[in-house]
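The chain below stands alone and is given as structure tokens, in the form predicted alone.
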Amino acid sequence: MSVKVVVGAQFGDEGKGKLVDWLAKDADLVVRFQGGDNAGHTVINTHGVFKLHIIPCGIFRPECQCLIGTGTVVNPDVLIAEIEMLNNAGISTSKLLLSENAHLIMPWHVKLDEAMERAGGIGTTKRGVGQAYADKFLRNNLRAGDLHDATTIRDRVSSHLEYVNAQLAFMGAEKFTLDDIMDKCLYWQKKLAPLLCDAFDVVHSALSKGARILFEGQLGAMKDIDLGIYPYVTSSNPVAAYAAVSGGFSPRLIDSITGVCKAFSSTVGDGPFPTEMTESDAALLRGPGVNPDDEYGARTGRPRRIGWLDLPVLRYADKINGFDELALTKLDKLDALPEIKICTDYLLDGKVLRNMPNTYDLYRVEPAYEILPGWLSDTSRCRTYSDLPENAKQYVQTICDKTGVPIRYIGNGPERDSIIRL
């Protein structure tokens, strides 16, 4: 048995999709363990370019079972569209499962999210994810397993709809009728009932058989609802421990935790971003937006904010997760830079900080930089570590030395096989 968890070590958009797709060649089960369709995992392989928002990235490996786990919130319309997209591309989804205990993103969640953003929100993707998690914790949401029974759906919706419509009316949004929601849910029932499963049993059966299990996180440590840059965070816990929480097993069964980080930093939306570059520098790394690995949101298409690599963030993410290894992605994006900055510490009021400050102090910190020489050569063709230029090796080794975590994978291109295994 082996249980590996892959999580983001920065603000999300680190390249987890590519790594999970690559690692899934050795997995029996891949589990997406939290989040909704508010972010995208980009995978490029022989079938084409895919941006998955809720289906695990192991789906491209025909021998691998994929589970949308209990900790997720699922918009059934998005899931159905994603299944159809994959099937149309010749990708089988016959081994895809959906936890009966996963919560549903209902149409009113999306409308409320849109209305709240119009009223001055924090810059969400308007997918209804936060509203679905809010209803989960208010204990009045629908779960995927409720789709088994139309009577249960009608009872649950009718008891909640008056409250929902009052919220929508207050926000100036269109209200729903019970028939609207029932028609939608019966369609979902028809499409998704074959996928529904007891996720606890699926996970524990795999554990008992000694299966190789890969847990796939969404977003990154700095977007964690409890430990991230609140309020500029997601509505779930994209940290390794939550794989065990949502999977219903002891965290002692986790064998290895892989943190995925870019060779620089990026984020989307509002919030503090200490190492943010000037726009002229950022444009060099962001790209024009026509290539699949350009720095634009996979869900929103918004240009990402770009910054230098932030080691205080990586060290903080390591404390939260306990990384056994790092996967450093997009090294090739730095190929044309004559010199490269790395933020080694934060200074606040002239003092070096030992821990991650609160969100509002992060606006005030001054990054302390170490400047390394660039390598000014194409690394995208390198297939072994020894092939890399010496200055690129120095950059990689500096990250290892200053975080205390070994780098085991280096991504140097968008394609599936553009990974150097150390």
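Being a predicted model, the structure only gives us computed values, none of them experimental. Note that residue numbering follows the sequence shown and begins at 1.
The same protein also has a form predicted in complex with ligand GDP, omitted here; what follows describes it.
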query	finding
Non-hydrogen atom within 4.5 angstroms of ligand GDP in the model of the complex for each of Asp13, Thr329 and Asn412	yes
Partner contact for Ile44 in the model of the complex: ligand GDP, 4.5 angstroms, heavy atom	yes
is_contact(Lys333, ligand GDP) in the model of the complex, heavy atom dist at most 4.5 Å	yes
Heavy atom of Pro107 within 4.5 Å of ligand GDP in the model of the complex	no
Any non-hydrogen atom of Arg304 within 4.5 angstroms of ligand GDP in the model of the complex	yes
Stretch in contact, per heavy atom within 4.5 angstroms of ligand GDP in the model of the complex, of 175 to 183, 251 to 259, 288 to 296, 194 to 202	288 to 296
Neighbours of ligand GDP in the model of the complex among 18 to 34 [non-hydrogen atom within 4.5 angstroms]	Lys18
